[in-house]
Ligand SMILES: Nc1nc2c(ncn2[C@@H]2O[C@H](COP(=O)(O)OP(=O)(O)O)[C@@H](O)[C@H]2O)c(=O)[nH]1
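Only one chain is given next, in structure tokens, and it is the form predicted alone.
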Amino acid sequence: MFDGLKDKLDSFREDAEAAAEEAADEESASDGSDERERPDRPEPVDDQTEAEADPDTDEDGSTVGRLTRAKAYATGRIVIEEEDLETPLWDLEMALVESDVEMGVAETILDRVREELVGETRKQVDTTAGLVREALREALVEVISVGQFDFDEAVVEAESPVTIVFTGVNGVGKTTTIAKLGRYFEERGLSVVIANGDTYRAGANEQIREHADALGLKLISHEQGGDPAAVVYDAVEYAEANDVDVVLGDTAGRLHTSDDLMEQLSKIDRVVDPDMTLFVDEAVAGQDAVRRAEEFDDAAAVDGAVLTKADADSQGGAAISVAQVTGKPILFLGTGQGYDDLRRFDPEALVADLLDE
């Protein structure tokens, strides 16, 4: 999963390490030369900064200067400058964009890496690779973790029945995801009823009934063309009467520009007031999934996302970008066709996997 992105991150780490080590080698070769040429140079005084005292430092103070680096090296430390990382950072930005990471998200990652690395000092006995890896890990975790909450705890602590409605475009695995979550909850000791609020699509009842029968779950459905809000409402009523813990409500696949279907979502919100609305899309859709997540969140205020087909996604752009763009977390990854092929989204674990930690 996300093997293409892994390779690109590995390349950045190797390039950044090589660039910083090369700068350190150059500093070692010229160690003390500037000091010997200028023995009487005074230390900065009053309001004079190190950058002002060092003519090798840029006017805006953006680099640490050769004198500062020489002093650091003389005390057994090495300073990393932005110019050391200029090429690797550019390559990383291009690699992220090529992996379908949204441009603004890629820039956020680069900014955080710069913040973590530029001006950083390390003991010569340490490794630059360790600094680069840690900076990249911190940047990725910060971006991916936006909005994260304990999904299982939220469900357990909510008043029963917990109602979760699913939305998204057609053909992205929404109904299968509902079935997988039905299995997920039952394995954790929670009873489930499914509501087929997709009354728009021919064959929707048959498709979801196959899943319900295979899992032994109760299904509430109406005839095609019925009121989706009424279906979900009936499922909630059934759950309340039968002490069922969780209601999973399917809805018709839609585009955010479909006014009639979006009104159906609004009506479900008014009639049922679900505890969560989850957006479902394919990880392999890349930036299209990111854009749709943003549009659906603007139109219907989702609480989180599920990305299907993550096992087939080499790029990882949607997994990296969706939370940062929407401010809402990715909660699950679909990793196959089986009912057990559903993985809780763990930003720390995902980043560890991407960095082979």
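Residue positions are given as counts along the sequence shown, with the first one as 1. Just so we're clear, the structure is a prediction, and the values are computed from it rather than from any experiment.
The discussion below concerns the form predicted in complex with the named molecule, not included here.
Peer 1: How about Gly286 - does it come within 4.5 Å of the named molecule in the predicted bound form, if we only consider non-hydrogen atoms?
Peer 2: Gly286 lies outside the contact set for the named molecule.
Peer 1: Do Gln337 and the named molecule come within 4.5 Å of each other in the predicted bound form, heavy atoms counted?
Peer 2: Gln337: yes, in contact with the named molecule in the predicted bound form.
Peer 1: Would Thr175 count as a contact of the named molecule in the predicted bound form, using a 4.5 angstroms cut-off between non-hydrogen atoms?
Peer 2: Yes, contact at 4.5 Å.
Peer 1: Using a 4.5 Å heavy atom cut-off, state whether Ser160 contacts the named molecule in the predicted bound form.
Peer 2: Taking the distances in the predicted bound form, the answer for Ser160 is no, it never comes within 4.5 Å of the named molecule.
Peer 1: Within 4.5 Å of the named molecule in the predicted bound form, counting heavy atoms only, one of 182 to 190, 98 to 106, 241 to 249, 167 to 175 shows up; tell me which.
Peer 2: Careful reading of the contacts points to 167 to 175.
Peer 1: Using the arrangement in the predicted bound form, list in sequence order the residues of 282 to 318 with any heavy atom within 4.5 angstroms of the named molecule.
Peer 2: Heavy-atom contacts within 4.5 Å come from Thr308, Lys309, Asp311.
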